[in-house]
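Only one chain is shown below, in structure tokens, and it's the form predicted on its own.
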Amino acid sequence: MKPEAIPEAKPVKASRITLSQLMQPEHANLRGDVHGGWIMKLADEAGALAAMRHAQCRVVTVAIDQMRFHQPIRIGDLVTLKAEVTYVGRTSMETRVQVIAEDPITGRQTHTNTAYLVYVALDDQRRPRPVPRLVPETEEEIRRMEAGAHRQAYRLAQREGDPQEAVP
């Protein structure tokens, strides 16, 4: 079986997506604060869409870095998630997802959190497949890609030290 060719490189902007959703009572607790798990679900969807756009195939979530909520999100807020690929390996991609809550009446926007998620591209047999290289075009994209490389090195070091990773 011959190895798959690496697809043509792509710029960061080719992966960018934006999702928006109005927060409803079913997304929140009795005090009107949106559940963090709901925001994590939306962040995973946004990150996966950015990764799929980059790789042009199915992806599976393999890691979610620490997610810290800086501000609450309330019922009635319009939540917007902006995602893009920030780093790629051979078969994996890191995405950056920024979460913004907006009061649609006043227009006041609050950055609630930023999360980094990692996905692996899958072929039709659900095996990892190569992804396109990432081409940063701005200083900010270069900085994010370098930071992504450091985060990936940290993740790999953590995995090597985790005894659960050795269990088949």
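In case it trips you up, residue 1 is the first one in the sequence shown, and so on. Here the structure is a predicted model, which means the values were calculated and not measured.
As for the form predicted together with a small molecule, it is not shown, yet the points below apply to it.
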- Though the small molecule is not shown, can you say which of 70, 108, 126, 31 has a heavy atom within 4.5 Å of it in the predicted complex? 126
- Message: Counting any non-hydrogen atom inside 4.5 Å, which residue from 46, 118, 39, 134 sits next to the small molecule in the predicted complex?
- Response: 118
- Closest heavy atom of residue 61 to the small molecule in the predicted complex, within 4.5 Å or not? yes
- Item | 4.5 Å heavy atom contact, residue 92 and the small molecule in the predicted complex | yes
- Query: residue 122: heavy atom within 4.5 Å of the small molecule in the predicted complex?
  - Reply: yes
- Query: Any of the heavy atoms of residue 159 lying within 4.5 Å of the small molecule in the predicted complex?
  - Reply: yes
- Message: To test your reading of this chain, name the stretch in 47-55, 126-134, 139-147, 96-104 whose heavy atoms come within 4.5 Å of the small molecule in the predicted complex.
- Response: 126-134
